[in-house]
Every structure is written in C-alpha cells, then in structure tokens.
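Just the one chain here, laid out as structure tokens, in the form predicted alone.
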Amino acid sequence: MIYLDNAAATPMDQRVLTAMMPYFSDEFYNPSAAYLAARRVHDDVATARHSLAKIIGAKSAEIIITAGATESINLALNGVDGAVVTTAIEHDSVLATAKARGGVVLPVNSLGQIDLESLRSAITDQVALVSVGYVNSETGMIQDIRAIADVVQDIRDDRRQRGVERPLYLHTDASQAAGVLDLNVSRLGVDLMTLNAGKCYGPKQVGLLYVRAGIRLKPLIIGGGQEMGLRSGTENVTGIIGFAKAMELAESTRGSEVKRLAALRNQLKSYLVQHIPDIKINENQRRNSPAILNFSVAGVDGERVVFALDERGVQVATGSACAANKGLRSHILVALGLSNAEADGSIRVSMGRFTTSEDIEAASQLIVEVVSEQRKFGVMDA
C-alpha cells in the first residue's frame, strides 16, 4: 500500500512506541500516588510536559493535556464567557462548537485568507474568543496568524482605553502544523493553541491546549483537579510520554523535512498538471503546507476515485476524514468558492515522514489512470 492520507492520521514512529512501552507495563503507576515508584512516573510526566512546553516556547504550567484535538478545542471555545468568532473553513470540531455557542462564522477568500477588516468589524465588545486554524486540514492553506493576532491586540488596547472589561483571546488549531511550521506561541501571538499527537507520528487520542498564563477557563471535566484543574482524571502517562517524543522528533527534523515534503509535493503536482486536462489545484501558492496537495477534476466523482485508487493500493482522501465518513460535500471547498462539481471531484493527497519519491511516482501514474477511466466511462452522476 502507498499511504497518502497523513493529514487524517500519521503512523506511529517506532521511536515513539519504544519510548512509551515501559509505561504500559513496568512503570504503570498512577503519578498522583505517594510512593517512590509513582513519584518517578510523576517526574517523567513532568519532564515530558516540559519538553512539549519548550517546543512551543511556553511554560509547563501552560500545557493542558487532553484526549485529542477535539477536546482541546472544546475546552478553549467553551471555557470562555462571551461570543466566539471563527471562519467558514475550520475543522468540524471548531465550527460545531462555535455554532452551538451562537458564534459568528466569517467567510474567506479563494486563497483561504480571512479579511482582516471584516474580522475587526466582527469583534464586538461581546466577543471573548477568536479561533482561526493555522493550517487547513483539507487544502493545506496557511492562515496568517500573526496578522490576526495584531488585529486582536489592537482591539484589546481599544477595549482597555474604553474601560471594557471583557477579555479577548486568540485560539488556533495547529494540529496540521507540527513538524512543518514554527509553533512558537509568542511569535504567533496566540493565547491558546491546540496540538494533536495523532497528526505528528504519536499516539491517537492525545492532544494539548496551550493556555497562556493568566487566562481563566471553565473546566470541561470536574474531578481530582489534574491538568491545573481544567481536565480532571488520571493522567494518560503513555500518551503524554509518546506525545512529547513525537513532538521532539518532529521539531528536530523540521527544516530538512519541509524541504523533502515540498519536493514530493512539487513532483506530484507537476505530473498531475501535465497529464490531467483541466485539473484545478486548490492551493495558496505563497502560503501552503508542503505536505498537502488538494486538486479538483471536473467530471469525476472524488469518492469513486478514492475507492478505485484503494483497489490499486493507493490510499488518499476526498477531504477531512470526519466529512468523508458522513458522506458530505466539503464545506471548506465550498467556502473557498468552488462549484459543487469541483468540490465533489476533489482529492486530497497528504504526504508524510515515510513517503518516498518512488511512492509519489507510482501514485501519480495511478491517479492519472483512474481519473482517465472515470472520464472515459462517464461514471459521474447526472
């Protein structure tokens, strides 16, 4: 199999699994217990938390471990008192949570960028949180988080001058950015940030929420007071250890990996553009993840292309795994201005650490073969 759906899930790196193994068996202790063996585990968890914090330029006390990105996002968006502003191209976990709170959903342009003046206008005195994803999970388009942070800071300053007491925070879901982009929270200017171990060759169902010191959130889970009182429950020791190791590996090779992934993406894009008439590449050429290529082909059904490629040993996607599982048209591509036919004929190819040039060469040829067959036999529904 040629696996090209790394945006949905990354395979666990063997080095991550090796780091986790002792905590499944010999070091099984509850880190809250008082005896020496448990205190050792407690110290190992603290070391892992410190490592995660260091990678994003934070303090250990600002790292809240969660059961994946969705819980992290829910804690961020539901933890504030006030309205939420987000964009139309966010992951379902952001959009569903924001809409449940009566949030404002802003449009983006065809390059996936939010209009900063529209954002400024949308942040009324009732708004407490702005949530904008760093890297789009379907197209790989990169949002200018620093520019958004500057707008948020301007509004904070204005509120302070007018005596408005409601705080205003900026949250970003950076799940697709680990290992390919700078995650330093100070340089980004964010107050809250979500990361996901399952997107960077670590274990699934482990994530984190960075919460800048001084920010008060309402907890989602009440209990023994773990995770600074925001996420009670016995710590997922194996997951935390694996998450830290995965992030360390991703950050240590980020420079070289970005170049390698960009070369693979260019290889794939060049071949497809050359061999598929009327192909539409859904990208922001200036600001796009090197790991994701999204394209549309009029006259084909993306889902059927995925099934046909799977039969030939290539695993790709039509969009996010969540949307694909529900058989829905991508709200992200529609929000970018694609027609229904273009959205339905879209394919996402996402490369990763174990993708080779030979994989891309073989997959490129098979994609062209399948698309040609789909067009030839006219399998697109009327």
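Numbers for residues come from their place in the sequence shown, where the first is 1. For clarity, every value in this text was computed on a predicted model and none was experimentally measured.
There is another form of this protein, the form predicted in complex with another copy of the chain, and it is not shown here; the text below is about that form.
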Of the listed stretches (186 to 194, 231 to 239, 258 to 266, 130 to 138), which one has a non-hydrogen atom within 4.5 Å of another copy of the chain in the predicted bound form?
231 to 239
Would Val45, Pro167 and Ala178 all count as contacting another copy of the chain in the predicted bound form, using a 4.5 Å heavy atom cut-off?
no
Asp154, Asp310, Asp115, Asp278 - the one with a heavy atom within 4.5 Å of another copy of the chain in the predicted bound form:
Asp310
Using heavy atoms only and a 4.5 Å cut-off, determine which of Leu106, Ile221, Ala147, Ala298 is in contact with another copy of the chain in the predicted bound form.
Ile221
Does any heavy atom of Glu248 come within 4.5 Å of a heavy atom of another copy of the chain in the predicted bound form?
no
Quick check on Thr97: any heavy atom within 4.5 Å of another copy of the chain in the predicted bound form?
yes
Should Arg39 be counted as a contact of another copy of the chain in the predicted bound form, where contact means heavy atoms within 4.5 Å?
yes
I'd like to know if Asn74 sits close to another copy of the chain in the predicted bound form, meaning any non-hydrogen atom pair within 4.5 angstroms.
yes
Residues in 7 to 39 that come within 4.5 Å of another copy of the chain in the predicted bound form by at least one heavy atom, in order, are Ala8, Ala9, Thr10, Pro11, Met12, Gln14, Leu17, Met21, Phe24, Ser25, Phe28, Tyr29, Asn30, Ser32, Ala33, Ala34, Tyr35, Leu36, Ala37, Arg39
